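Next up: a single chain in structure tokens, the form predicted on its own.
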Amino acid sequence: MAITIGIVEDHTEFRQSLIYLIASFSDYQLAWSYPSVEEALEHFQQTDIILLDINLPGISGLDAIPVIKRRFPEQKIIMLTILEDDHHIFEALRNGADGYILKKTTPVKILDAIQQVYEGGAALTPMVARQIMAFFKPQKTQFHESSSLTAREKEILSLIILGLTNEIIGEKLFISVQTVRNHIKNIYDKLQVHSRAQVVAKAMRDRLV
């Protein structure tokens, strides 16, 4: 079954290029596309993935995330933007975005990000992932939540931040996918979060790794 995609992008040429990209592969299906959050919400239909710009006329992409998530908690959202500063990345993840990729990302990598989030990962382009890691790397102070994590849980948390799926984490650490899931459940419980995006945002804010 094809992955259904919604697009909120006000730049006409870029929006059309995304529509063409999605239409070129049978594994993906465009459900709708709109130039503003207001139009998208007015005609909203839940999809597997939403590609959401940040700089939009009217309601911004950052402000739209919690609005959409309150109405449709299971809706997965990938920010697709030109903005690559720490503030926008952090705010998007804190608000509940499931991925953050840049518009200069190659078409193949955009499709990879869609697939990754669809499969339960947190899609981050390498540049964004590096910025996230750099954001808290200089800080050596460990908080209570971090000290409660085991060495293996911290290792898995670092890999989650890089956007890796459970399967890839298992391969890297030579453990089963079920063992990865068990560790992630423990991480969620200890940090009091409920999603990969939330755990990334908390790790960024509290410098947990």
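Throughout, rigid core stands for the largest set of C-alpha atoms superposing within 1.5 Å between the two forms. Here the structure is a predicted model, which is why all the values come from computation and not from measurement. Throughout, we count residues from 1 along the sequence that is shown.
In what follows, reference is made to the form predicted in complex with the DNA, a form of this protein that is not presented.
Student: So if I measure heavy atom distances to the DNA in the predicted complex, which of the stretches 64 to 72, 27 to 35, 150 to 158, 49 to 57 falls within 4.5 Å?
Tutor: Going through the listed ranges, the match is 150 to 158.
Student: Heavy atom to heavy atom, is K172 within 4.5 Å of the DNA in the predicted complex?
Tutor: Judged by the heavy-atom cut-off of 4.5 Å, K172 is well away from the DNA in the predicted complex.
Student: I'd like to know whether S195 contacts the DNA in the predicted complex, with contact meaning heavy atoms within 4.5 angstroms.
Tutor: S195 belongs to the contact set for the DNA.
Student: Test of understanding: in the predicted complex, would Q45 fall inside 4.5 Å of the DNA by heavy atoms?
Tutor: No - in the predicted complex, heavy atoms of Q45 and the DNA never come within 4.5 Å of each other.
Student: Residue-level contact is defined here as any heavy atom of the residue lying within 4.5 Å of the DNA in the predicted complex; does Y188 satisfy this criterion?
Tutor: Y188: contacts the DNA in the predicted complex.
Student: State yes or no: after fitting on the rigid core, is the Cα displacement of L30 between this form and the one not shown at least 2 Å?
Tutor: No, the C-alpha moves less than 2 Å.
Student: Once the core is aligned, does T12 move its Cα by at least 2 Å between this form and the one not shown?
Tutor: It does not, since the T12 C-alpha is displaced less than 2 Å between this form and the one not shown after the core fit.
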